[in-house]
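The chain below stands alone, shown as structure tokens; this is the form predicted on its own.
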């Protein structure tokens, strides 16, 4: 049965309609798909209607006219079509890259060159890359196969999925212990590098292999590792499911775009583990729903230092070339005996460079290493006593490694954290205080600035969440720290946080 939609209205904000059905719908501009969504799952109720906003990546293109159609993806039936005008433009809307090549949103709502807009000649280099990497895996002793959407398209239709944009490979290790599986993965990486490939690591058992094509461009193929343990298959990405080894080995083959590639012995079993029993029905708006038990195991075993990396860790200056009032306050309280200052959550690194210009040896640490690239280059050009280091404050192993490394720096050592404790959860705050306890011993100190009331400046640009000052002092005391100085300021700083507190903490 084909779904129905009534009272469809399209404007610059999004699409509004009435429907009781829940099917996946393609949004097409002048006959070309640019986006897909589920009528109920992905929309919000407004009165008796449903509405959905335009995805942010599409908005910059919405300036002109187009024949917009809403098409039931499975039934291939138009539910609505009309000529619409968006923005103030007078031409036709064209969602494309700078070279005029069509773009569309993939299942992750990322603008990409989708396979449905490429011809066989454009797809051939990808097929060559898949073949190259699978042979390289075999040579390295790893029994690889096409996986995820690549396997799905091959097994279901013999071709790449039109709304997909990349290719995935996988393998199942013969080892059953996570440590052995990781050791094997790192050995695989070294072997591939020795073969001449450039390899980027995602996690303990997932890598991207960069394959040069004939025109000099580089294509990256994701290789997801997995293993069997206690009757369960764990495969990086999303899989943790009851499984039998005979469903993988010995490997079989599948046909993809006229080529033959290695595949699991029973592709349907692996596809069910990846996408559920409904994997046979095409869904360009598919969302992975990984059980918490699987996510926690994969995080703990393999993702390690990437856990929680998207969480805010400090706030950025609105004017990144000027030091904060906080670092100037700290500098005024540190005499010449201080050997090293370590700025946690350093952001752009502005305060770190400013300290270097004052003649202080300083280190900046942050999880977003690209943010401080400019300041690092500036420090090198000026030959400042400044260094930067990556750290993930939400992952204990990363924090302990940083603490052990930086504890060798000349002391006394001072640790600073401006709007870091109030952007982290309790585990992250505990991690920062662990580092502070290690580095501040021997005459050093920990200086921090936090927001302590819920009053927010409407122009706030950070991710600051106010802390209760008494609760924070109790947490500090629980880590053996003594708040030797506390002052509150009823003002707004560059991070947009109002009513802030500055603390100096010492350890015996």
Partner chain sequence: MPAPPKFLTDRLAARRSLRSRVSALEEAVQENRQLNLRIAELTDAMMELVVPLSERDESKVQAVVDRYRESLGGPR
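Nothing here was measured: the structure is a model prediction, and the numbers come from that model. Positions refer to the first chain, counted from 1. The term rigid core refers to the maximal set of C-alpha atoms that superpose within 1.5 Å between the two forms.
Another form exists, predicted together with its partner chain; not displayed. Remarks below refer to it.
*asked:* Since only the chain is shown here, I'm wondering whether residue 182 would be in contact with its partner chain in the predicted bound form (any heavy atom pair within 4.5 Å).
replied: Result yes; residue 182 sits at the interface with its partner chain in the predicted bound form.
*Do residue 106 and its partner chain come within 4.5 Å of each other in the predicted bound form, heavy atoms counted?*
Residue 106: no, not in contact with its partner chain in the predicted bound form.
*If you check in the predicted bound form, is residue 153 within 4.5 Å of its partner chain, heavy atoms only?*
Heavy-atom contact with its partner chain at 4.5 Å: absent for residue 153.
*Should residue 395 be counted as a contact of its partner chain in the predicted bound form, where contact means heavy atoms within 4.5 Å?*
Although its partner chain is absent here, residue 395 would touch it in the predicted bound form, with heavy atoms inside 4.5 Å.
_Listed residue that, although its partner chain is not shown, lies within 4.5 Å of it in the predicted bound form (heavy atoms), from 148, 279, 286, 302_ = The residue from 148, 279, 286, 302 that makes the contact is 302.
*Which residue among 337, 260, 122, 200 has a heavy atom within 4.5 angstroms of its partner chain in the predicted bound form?*
Among 337, 260, 122, 200, a heavy atom within 4.5 Å of its partner chain in the predicted bound form occurs only for 200.
*Using heavy atoms and a 4.5 Å cut-off, decide whether 190, 390 and 427 all contact its partner chain in the predicted bound form.*
All of them do, each having a heavy atom within 4.5 Å of the partner.
*Can you check 112 to 120, 382 to 390, 94 to 102, 268 to 276 and let me know which stretch has heavy atoms within 4.5 Å of its partner chain in the predicted bound form?*
That would be stretch 382 to 390.
*asked:* residue 190: after superposing the rigid core, is there a C-alpha shift of 2 Å or more between this form and the one not shown?
replied: Shift of 2 Å or more: no.
*Cα of residue 479 displaced 2 Å or more between this form and the one not shown, core superposed?*
Superposed on the core, residue 479 moves its C-alpha 2 Å or more between this form and the one not shown.
*Taking the rigid core as the reference frame, is the Cα of residue 201 displaced by 2 Å or more between this form and the one not shown?*
Result for residue 201: no, shift under 2 Å.
*Specify closer or farther for residue 189 and residue 367: how their Cα atoms are spaced in the predicted bound form versus the shown form, given a shift of 3 angstroms or more.*
The answer is closer, because the C-alphas of residue 189 and residue 367 approach each other in the predicted bound form by 3 Å or more.
*residue 370 to residue 167, Cα distance in the predicted bound form relative to here: closer or farther, by 3 Å or more?*
Compared with the shown chain, residue 370-residue 167 is closer in the predicted bound form.
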